[in-house]
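Form predicted on its own, single chain, as structure tokens, below.
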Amino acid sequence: MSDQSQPIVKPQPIVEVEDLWVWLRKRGREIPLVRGLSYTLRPAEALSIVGESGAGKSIGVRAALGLLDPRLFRVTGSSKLVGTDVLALTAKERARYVPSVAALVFQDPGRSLNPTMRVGDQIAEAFLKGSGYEPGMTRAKAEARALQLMKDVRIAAAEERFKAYPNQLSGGMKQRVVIAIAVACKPQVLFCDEPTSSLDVTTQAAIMDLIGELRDQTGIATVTITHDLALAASRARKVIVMYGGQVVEALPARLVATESAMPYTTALIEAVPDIDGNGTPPTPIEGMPPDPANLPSGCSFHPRCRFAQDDCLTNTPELRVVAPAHELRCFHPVKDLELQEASR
């Protein structure tokens, strides 16, 4: 009997960022902030982009969404959202298209909300004037949808808080309101820029749980920008680590604790309390991230890398595949060094 099984067909990507470069125009110079960023995301997938401040995480996402001021930044490469390269659109076309397929949740929810409007009204506006609008939508229907959405994002006493102003809510509640507004616009991908950094640990977990629940329920894809590698590894399918504007390692989230090989990634792991559960105290990374206007020669991480050798100082490593779904930019991976030590 012949095998009638059909090959598994993957859904089409929602996000396709390819060779994205971003330069800051400053005093007659162009300073590279993002250098060759690429990634792909399909429905219901979760990606985390990790790195210290200045690594290029946030500016890369804003560039991918076409949000950077062309007077200050030059952007090359492509960024396809649901098949359309938003970087090839005019500013007017982009302003109309991007909100219909993507939403961005910022780090500080207070700055995303209008302090003079009740939060329920702000969510309702997404149904009345935003991408969540449908023919026949009335104020009453929009308010009913907004109230239900507040309940969906786990806002306690939603009826009472519907009429509250942002300053009457906690940081966690404000972030839930911002997420509700984003979801009301019916995006296919949700970008979250440090969505929990201003919150306490318990609230951080609750917000990330909420984003995961929304992804499971709606099939929305998510990109989370964070400096917290433990958070990234626990809440994503894939992790991209950035340093000096470049991807230095990309691998499945489930392998971060055991298979990371770039010395910078392992340094991030060691800087997080107990990411692997063995009770090891955190070890801070010595030195400072590189200045994009004065990047070191060779590997950008070599001035802070305890494994750096002569070739790291002069030659620039390429991003290469070292295992299935695992890419690395390093001449002397930690795993290779461990094997060398073990063989001595």
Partner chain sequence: MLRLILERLVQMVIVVFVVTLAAFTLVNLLSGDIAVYLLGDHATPEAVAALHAQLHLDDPIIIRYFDWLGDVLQGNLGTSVVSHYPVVKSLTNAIPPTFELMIGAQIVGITLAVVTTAAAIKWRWTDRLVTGVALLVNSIPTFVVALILIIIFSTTLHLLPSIGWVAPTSAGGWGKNIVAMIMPSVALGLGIFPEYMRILRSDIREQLDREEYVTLAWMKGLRPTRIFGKHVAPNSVGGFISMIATTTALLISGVVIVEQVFAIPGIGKMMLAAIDSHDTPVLLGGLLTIVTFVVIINLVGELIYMRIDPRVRATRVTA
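Positions refer to the first chain, counted from 1. Since the structure is predicted, the reported quantities are computational estimates derived from the model, not experimental observations.
The next section is about a form of this same protein that is not shown, the form predicted in complex with its partner chain.
S.K.: Under a 4.5 angstroms heavy atom criterion, identify the one residue in Val75, Ile207, Ala126, Leu199 near its partner chain in the model of the complex.
M.R.: Checked against the cut-off, the match is Ala126.
S.K.: Name the residue from Ser234, Gln188, Ser112, Thr266 that puts a heavy atom within 4.5 Å of its partner chain in the model of the complex.
M.R.: Result of the distance check: Ser112.
S.K.: May I ask you to check whether Gly130 falls inside a 4.5 Å heavy atom distance of its partner chain in the model of the complex?
M.R.: Within the cut-off, so yes.
S.K.: Indicate whether its partner chain has at least one heavy atom within 4.5 Å of a heavy atom of Gln246 in the model of the complex.
M.R.: Taking the distances in the model of the complex, the answer for Gln246 is no, it never comes within 4.5 Å of its partner chain.
S.K.: Would you classify Leu87 as touching its partner chain in the model of the complex, given a 4.5 Å non-hydrogen atom cut-off?
M.R.: Leu87 lies outside the contact set for its partner chain.
S.K.: Taking heavy atoms and a 4.5 Å cut-off, does Ile181 contact its partner chain in the model of the complex?
M.R.: Taking the distances in the model of the complex, the answer for Ile181 is yes, it comes within 4.5 Å of its partner chain.
S.K.: Based on heavy atom distances of 4.5 Å or less, which listed stretch (257-265, 160-168, 225-233, 199-207) is in contact with its partner chain in the model of the complex?
M.R.: Checking each option against the 4.5 Å cut-off leaves 160-168.
S.K.: Could you pull out the residues of 87-123 that have any heavy atom within 4.5 Å of its partner chain in the model of the complex?
M.R.: Result: Arg94, Ala95, Val98, Pro99, Ala102, Ala103, Leu104, Phe106, Arg111, Ser112, Leu113, Asn114, Pro115, Thr116, Met117, Gln122.
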